[in-house]
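Below sits a lone chain in structure tokens, taken as the form predicted alone.
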Amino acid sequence: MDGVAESQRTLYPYVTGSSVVAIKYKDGILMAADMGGSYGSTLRYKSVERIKPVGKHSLLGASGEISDFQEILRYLDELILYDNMWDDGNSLGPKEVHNYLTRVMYNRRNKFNPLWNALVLGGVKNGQKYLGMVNMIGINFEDNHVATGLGNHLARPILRDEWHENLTFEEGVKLLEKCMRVLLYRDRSAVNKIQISKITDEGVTVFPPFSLKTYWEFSAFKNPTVGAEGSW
């Protein structure tokens, strides 16, 4: 009928961010992501912030469709505002925010209108560290270290080998930098502009972006088809 807008769905993500990597360390949570936004296969945007604080106790990182991430941030703004309006001296912790996000993602998936993101939610409340993730169809879990996108395949093996619960802040940052360097070498959507954030009982700190030191003279980088019989 005229005048009735037809239902719209995100059939394919347009502007996307790549991997997010997060770990628990001795005092809290550390999270890292690059600042690239890809329009299709073109690295169109170089200053997209994909790590945001949520309320007093949580830190959220997202890969996937940037506009859907902005929509999720609007949902969370409403959630935190509603929680604050009770003025009861309590506030939502990271576990509650993560549970909320799992319900939102699964609900949208069931409506065949998913939010095209994989989310990492970390935080600290009353000295308890929490780190979990949820993907676009609602699959979720908690762990001592998590990653999205290609980070699941390239960064988590490194974390399984080198992570331990007594990491200092400096050791945690060094470990995240190692993961992000591997992703920069292997992920075409990665950009060499990294942002690291931490959250502790004292609050959230989002550090200024920086570039990693890289080395591109490996023989496999110079001659990638050597020994690959029948390759282009």
Partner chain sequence: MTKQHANWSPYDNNGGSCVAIAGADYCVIAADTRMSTGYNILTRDYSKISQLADKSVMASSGFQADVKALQKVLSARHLIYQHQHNKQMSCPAMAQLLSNTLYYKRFFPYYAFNVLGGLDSEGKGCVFTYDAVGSYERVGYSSQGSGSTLIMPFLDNQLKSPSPLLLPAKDAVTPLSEAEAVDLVKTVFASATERDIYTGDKVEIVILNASGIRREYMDLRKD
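Residue numbers count along the first chain shown, from 1. Bear in mind the structure is a predicted one, so any value in this text is a computation, not a measurement.
Although not depicted, the form predicted in complex with its partner chain is the subject of the following passage.
Its partner chain is not drawn, but in the predicted complex it has no heavy atom within 4.5 Å of Phe218. When its partner chain is considered in the predicted complex, Asn152 lines it closely, a heavy atom lying within 4.5 Å.
Among heavy atoms of Gly132, none comes within 4.5 Å of its partner chain in the predicted complex. Contact check for Ile139: a non-hydrogen atom falls within 4.5 Å of its partner chain in the predicted complex.
Only one segment in the set 69-77, 118-126, 99-107, 82-90 has residues whose heavy atoms sit within 4.5 Å of its partner chain in the predicted complex; it is 99-107.
Shown without its partner, the chain has Asp143, Asn152, His153, Arg156, Arg160 in segment 143-181 as residues with a non-hydrogen atom within 4.5 angstroms of its partner chain in the predicted complex.
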